[in-house]
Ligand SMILES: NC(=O)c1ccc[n+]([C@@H]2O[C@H](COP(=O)([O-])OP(=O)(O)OC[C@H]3O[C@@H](n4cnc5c(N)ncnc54)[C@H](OP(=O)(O)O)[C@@H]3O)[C@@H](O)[C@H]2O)c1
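What follows is one chain in structure tokens, specifically the form predicted on its own.
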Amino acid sequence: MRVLITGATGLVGKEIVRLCHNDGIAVNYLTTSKSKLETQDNYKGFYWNPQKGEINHKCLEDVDAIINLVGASISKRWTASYKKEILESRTKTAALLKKTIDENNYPVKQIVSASAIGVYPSSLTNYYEEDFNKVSNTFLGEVVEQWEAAVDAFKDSSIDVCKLRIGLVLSNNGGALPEIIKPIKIGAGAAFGSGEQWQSWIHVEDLARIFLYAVKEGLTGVYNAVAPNPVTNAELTNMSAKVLKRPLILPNVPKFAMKLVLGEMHIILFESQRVSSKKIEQEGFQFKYANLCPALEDLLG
């Protein structure tokens, strides 16, 4: 089996590549950086420049499935130009891939694409399953809606579509966790706002395993890629401090302060989405890290 991975050199992509190779699955990957191109039998790099509509179409030769992870980070100040980049890095890339498949008649069977739980409206009380159909009226809601629509277009080419709505990814190699623990390590850790907002998290290894599971089982439709036991922001902060053996002495960080520092993207810290993992578990997927404490001990211990 051979898969094409977009975003293979990123946080989640690297973990998926590792699991693919452990499983004897060959990987083609796309990169915008010519210095990151490698050519081995089981790991072949191909250049693309989605902004200019450029792609080496040979990336799709002998490919059974696409794992689509590409997208500019949302953890950077949301200027008008950067918002455009966040959106287009998800929609233009998907459109370019589909066009390339159609023009060259490549028999790709499936695309498994990243999506995000930011599509669900912020709520302290809702427990979101995949069939909830109201979209958050935030910028993140708008991004996910257009992103998923771009991926759904692959159905027109008779390709099976699976979308994984990802929560807060916990890894010690990047993402949110190193930023969360930085102030805790120097005794300046604190929860955000009320601390009651729900954080639906997932260990990076489980997330990579879900992507591979979706490919191997031929899953279609939408799945929440979150661990079974969401926590509040206060619980996440307290548990991180406990694992690091550091005290929490400061009051919670007020919302207005983070708005001054981060601008509109401060909502990432205050949005509350309690999201269910029941659907992926019903497909037979078993989490290695279902609870936060063992996940943090693995990453920080």
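Every value quoted in this text rests on a predicted model; they were computed, and no experiment measured them. Note that residue numbering follows the sequence shown and begins at 1.
Heads up, the form predicted together with the named molecule isn't pictured, but that's what we're talking about next.
Contact between residue 27 and the named molecule in the predicted complex is not found at the 4.5 Å heavy atom cutoff.
None of the heavy atoms of residue 230 is located within 4.5 Å of the named molecule in the predicted complex. Taking the partner from the other structure, the named molecule in the predicted complex has a heavy atom within 4.5 Å of a heavy atom of residue 9.
Proximity of residue 121 to the named molecule in the predicted complex: non-hydrogen atoms within 4.5 Å are absent; the residue sits far from the partner. Annotation: in the predicted complex, residues 31, 71 and 116 each come within 4.5 Å of the named molecule through at least one heavy atom. Here is the short version: of 145, 85, 129, 196, the single residue with a heavy atom within 4.5 Å of the named molecule in the predicted complex is 85. The contact with the named molecule in the predicted complex, taken as any heavy atom within 4.5 Å, belongs to 36 out of 58, 36, 255, 242.
Figure note: of the listed segments 100-108, 149-157, 164-172, 179-187, the one touching the named molecule in the predicted complex, with heavy atoms no more than 4.5 Å away, is 164-172. Using a 4.5 Å cut-off on any heavy atom, the residues of 74-102 that reach the named molecule in the predicted complex are, in sequence order, 85, 89, 90.
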